[in-house]
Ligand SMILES: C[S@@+](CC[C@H](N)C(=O)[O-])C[C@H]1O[C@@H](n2cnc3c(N)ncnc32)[C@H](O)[C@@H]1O
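Only one chain is shown below, in structure tokens, and it's the form predicted alone.
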């Protein structure tokens, strides 16, 4: 899914910067190693390492990890990133850490509650007692669906994106294309109330649910940012 666009990913996501400082702050506040699920090309992991944290980065795309490794070397933090090929539901990590993060809506790649519960429970097992899971997801607005459905839109110069929404199935089929590659992927969303229930069923206590990375309280918008503590 991401291998064909591994070298396109950074220019595709170039304008997405609003979450970086939030995740860096959370990692530093935890005061120890970080496991980042869905590390991708290191958009967040590399700034986190530059800030002084040690990051174990997990991703299911070997291509994305190759880009991340190169970017980390270029930034001079290769020794602070431990990159591993693996799945959100079965991360290849024996270490126990004070914080696990899953940025940029990566949990939306999970299909159905069984996969969501499996992934959340796996994240819990990586945490020390009282450790925190931090992630963000979205629930689309009707306005966003109406504005984007079935249309190719230029996301960045030379990079087009198309969203095909299915409200009944609660899926987004997202396509991206550019000179360096193309791919199509499916994302599954659920309402915030369901995430709250899933976290409780997985052995977490929700500490915060924000509506954006500036830590404003969640008030029913599209985005939700979660901080949950291992019970």
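Numbering follows the first chain given and starts at 1. This one's a predicted model, so the numbers in the text were calculated from it and none came from an experiment.
What comes next is about the form predicted in complex with the ligand, which does not appear here.
**Student:** Does the ligand, in the model of the complex, lie within 4.5 angstroms of each residue among 43, 60 and 106, using heavy atoms as the measure?
**Tutor:** Yes: 43, 60 and 106 each sit within 4.5 Å of the ligand in the model of the complex.
**Student:** Since exactly one of 113, 144, 87, 160 fits, which has a heavy atom within 4.5 Å of the ligand in the model of the complex?
**Tutor:** The residue from 113, 144, 87, 160 that makes the contact is 87.
**Student:** Should residue 192 be counted as a contact of the ligand in the model of the complex, where contact means heavy atoms within 4.5 Å?
**Tutor:** Close contact is absent here: in the model of the complex, residue 192 is far from the ligand, nothing within 4.5 Å, heavy atoms only.
**Student:** May I ask you to state whether residue 64 is within 4.5 Å of the ligand in the model of the complex, using heavy atom distances?
**Tutor:** Yes, residue 64 sits close enough to the ligand in the model of the complex that at least one of its heavy atoms falls within 4.5 Å.
**Student:** Is there a heavy atom of residue 178 lying 4.5 Å or less from a heavy atom of the ligand in the model of the complex?
**Tutor:** Outside the cut-off, so no.
**Student:** In the model of the complex, does residue 1 come within 4.5 Å of the ligand, counting heavy atoms only?
**Tutor:** It does: once the ligand is placed as it appears in the model of the complex, residue 1 has a heavy atom within 4.5 Å of it.
**Student:** Just to confirm the contact call: exactly one of 162-170, 201-209, 47-55, 34-42 touches the ligand in the model of the complex at a 4.5 Å heavy atom cutoff, so which is it?
**Tutor:** Result of the contact check: 34-42.
**Student:** Within 4.5 Å of the ligand in the model of the complex, counting any non-hydrogen atom, which residues from 161-177 show up?
**Tutor:** Heavy-atom contacts to the ligand in the model of the complex: nothing from 161-177.
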